[in-house]
Ligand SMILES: NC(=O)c1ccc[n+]([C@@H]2O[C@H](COP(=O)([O-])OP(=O)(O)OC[C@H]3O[C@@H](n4cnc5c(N)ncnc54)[C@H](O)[C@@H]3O)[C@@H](O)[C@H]2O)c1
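Presented below, as structure tokens, is a lone chain in the form predicted alone.
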């Protein structure tokens, strides 16, 4: 495995300012990867966190890791594409922590059986994929938003005096009632071939996020999305170790202006900002957290990639698993 693949960046719980103190949140798919790092970061910032995942042992381990570091966390097992699970996770968060302020919608179960074009994908695969990619985020908001409304802003929020700057008048708007962050992807902004379900689902998350931002802004709830680039998670590390090599990983790094791929903490940091008081006037935004990958002209990337492959004919990547003999 390349020596630079380190899941670094998690903050220690007890050593820094806690801008999310007094708030409680749910992280779906919060056992490992982006969700795991996000659960740890939000807990480090003071939030009480419910991890929801289908992998019980990993969810339990991440919750215990947070607790051992001085944070507050619990977990439940369930498929968030199921309505009863979406409803139960909200009820469990409110039962355990007394409120709901934050909803991070990250869960996804993979694309096995869902690859291909519209001609190739079976209708059942389309429906199940869209249920998890988009339907789960609809269900999370359906049950999460009323719980946020009922919770109101946290006691730690000091309501500003509504006068002065601009032409403020009348009753002040609701603020700091809730935060929803949906996980899209650079695949929701730029499409790859033969990946209809994932590409369409992640693009739909963009529209879902903007619509929710319009609907829930008057309630004091902001809704934003993150579009991650190539993030090396625990599973990604294992795949690179099994199938890739340093030259192959270097190929991926060269596609990023910052010359590295991401780790879960990179996404968790952006999510933590969206959840913080500093982001109270930001909603409906889809933020690429991709090291600049999506801003580049493809002609240059293709030529640089060609040169690199010629110079490294033995490179292997973790995407080669379908082509290795």
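Positions refer to the first chain, counted from 1. Remember, it's a predicted structure, so these values are computed and weren't measured experimentally.
Below: the form predicted together with this ligand, not depicted.
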### Task
Consider residue 224 of the chain shown here, and say whether it contacts this ligand in the predicted bound form, taking contact as heavy atoms within 4.5 Å.
no
### Query
With the cut-off set at 4.5 Å between non-hydrogen atoms, does residue 287 touch this ligand in the predicted bound form?
no
### Query
Should residue 179 be counted as a contact of this ligand in the predicted bound form, where contact means heavy atoms within 4.5 Å?
no
### Query
At the 4.5 Å heavy atom threshold, is residue 230 in contact with this ligand in the predicted bound form?
yes
### Message
Looking at 153 to 161, 182 to 190, 167 to 175, 242 to 250, which stretch has residues with any non-hydrogen atom within 4.5 Å of this ligand in the predicted bound form?
### Response
182 to 190
### Message
Just to be sure I understand the contacts: of 90, 73, 80, 103, which is the one whose heavy atoms reach within 4.5 angstroms of this ligand in the predicted bound form?
### Response
80
### Message
Using a 4.5 Å heavy atom cut-off, which residue among 282, 67, 258, 54 comes into contact with this ligand in the predicted bound form?
### Response
54
